[in-house]
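Okay, here we've got a single chain as C-alpha cells, the form predicted on its own, with questions on binding and movement later.
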C-alpha cells in the first residue's frame, strides 16, 4: 500500500488566526481546513456521501452543501476552505429542502433493494438509504431504470453492481490516491457513466491489487465482496459479534474487524467478512491488502487440520493428542542431535509469528540444541 496522500493537513496552530461564525457561534478555525472539517470538529453533523478523510475533496455528491454569507448558492463544505470572518450556516429550511430533494433523486435511480430485504452487496449497509431516512427524504418518487451497465468479472473477490452506483468516485479516488494503482476510473458519458477498467478488462488483467479498498469506501454497496454474494447471503444483517484482531499474514500488524456469526457451524461460529477499522483509528489507517481482507475462508476449509497427526508404524498418519505429538517431535529432534550432532539440525521461524515467538525459536536452537542454524523467512 502506498503512503501517498494528497489531502491537505490543517495546521495544528495553538493560536488559530482565523475566526468563523458557525451556526451563530464564533469559533476558531485552523488555516487550511475545510468548512466540513471545522464543522465536524465542533460537533456539527453534515451529511456526505463522497467524503473520506484520506482523500482529497471532490465535491461530487452535493449532499454536504451549506450556506455561506455572501454566496448566492449553497456551496460544498467538503471542498471549501475556511476564511477569516466567514459566516456559515449548516442547517436551516433551505438546506434541509435541498438534502431531501437530492437524496430522493438518488433513490429514484436506485434499484429497490430495500423492498426485497437486500442491499446490493449483502453484508454492507447502505449509507445512502440510512442518510435518506435520517433527513426524511421522500421514498415514493417514480423509479427510473438505471442506464449504467456492467459485466461479470472473473476475479474472485470484488463484485460490482453498476445499477447501485451513485458515481461518488470514492472507489476510483481511493485506488488512485491511496493505493497509487489507478486500476478503475469513471467511464462513459451522462447517465451511462459507470466504473470500469481501461479497455474494460477484468480486474485480474489490470493493475488492480485486489486490496478491496474500493469495497470499503463504497457508500451504497455497489462495490462489494463477492464471496457472500456467491454464497447467497445478500440480505444485510448487522453482525452479531465484531472481533478486533491483528492480521497474521505478515509482520506489519494491520488491525481488522471480524464480523462473526456465533451460531453458525453448530455453534463454532463463522467469519462472515473482514472489515478494516475506521480510517485514522489504527496503524493501517483503514487499509488492508488482498490477503488481510479476503483470505479468511481457510478457517472453515474442509482440508484444514484440527487435530495433530503423527506417523504410525505402517507409515500412515493417525490422529494424536497434543502431548503425544509434542513428545514425538522432541524424540525426533533429539534423535538427530544424538546421531549426527547439533549442526545437522536447522530451525526456520515465520514472520507470521510474534517477535516474542521468533525470539524463543532462536533461543531453543542455540541454547537447547546448540546450533546457530536458525533463520526467519522475513530475512530473505
Partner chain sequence: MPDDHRRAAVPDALERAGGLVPGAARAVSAETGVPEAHVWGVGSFFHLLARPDVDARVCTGLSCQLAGADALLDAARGAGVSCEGVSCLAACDRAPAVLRGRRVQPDATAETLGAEVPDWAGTIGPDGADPDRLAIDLAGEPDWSGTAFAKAEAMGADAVIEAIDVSGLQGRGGAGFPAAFKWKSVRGQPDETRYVVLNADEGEPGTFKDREVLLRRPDRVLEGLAIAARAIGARDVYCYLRGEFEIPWKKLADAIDRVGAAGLFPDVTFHMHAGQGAYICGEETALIEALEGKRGMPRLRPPFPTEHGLWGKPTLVHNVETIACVPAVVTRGGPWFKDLGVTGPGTKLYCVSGHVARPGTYEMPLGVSLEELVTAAGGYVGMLKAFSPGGASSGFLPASEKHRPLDFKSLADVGSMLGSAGVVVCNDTVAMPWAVKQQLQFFEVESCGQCAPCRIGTRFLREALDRHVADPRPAALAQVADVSWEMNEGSICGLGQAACLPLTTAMKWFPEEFGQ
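Because the structure is predicted, anything quoted here is derived from the model rather than measured. Positions refer to the first chain, counted from 1.
Heads up, the form predicted in complex with the partner chain isn't pictured, but that's what we're talking about next.
Residue-level contacts in the predicted complex: of 200, 84, 297, 133, one residue has a heavy atom within 4.5 Å of the partner chain, and it is 200. This chain lacks the partner; the member of 54, 337, 41, 62 within 4.5 angstroms of the partner chain in the predicted complex by a non-hydrogen atom is 62. Looking at residue 211, you'd find every heavy atom of it more than 4.5 angstroms from the partner chain in the predicted complex. Contact check for residue 302: every heavy atom lies farther than 4.5 Å from the partner chain in the predicted complex. The closest non-hydrogen atom of residue 143 lies within 4.5 Å of the partner chain in the predicted complex. Using a 4.5 Å cutoff between non-hydrogen atoms, residue 183 counts as a contact of the partner chain in the predicted complex. Heavy atoms within 4.5 Å of the partner chain in the predicted complex are found in exactly one of 242 to 250, 280 to 288, 257 to 265, 162 to 170, that being 162 to 170.
The putative spot formed by 347, 357 and 360 is not touched by the partner chain in the predicted complex; no residue has a non-hydrogen atom within 4.5 angstroms of it.
Residues are counted as partner-facing when one of their heavy atoms sits within 4.5 Å of the partner chain in the predicted complex; in 170 to 196 these are 176, 182, 183, 184, 185, 186, 187, 188, 189, 190, 191, 193, 196, in sequence order.
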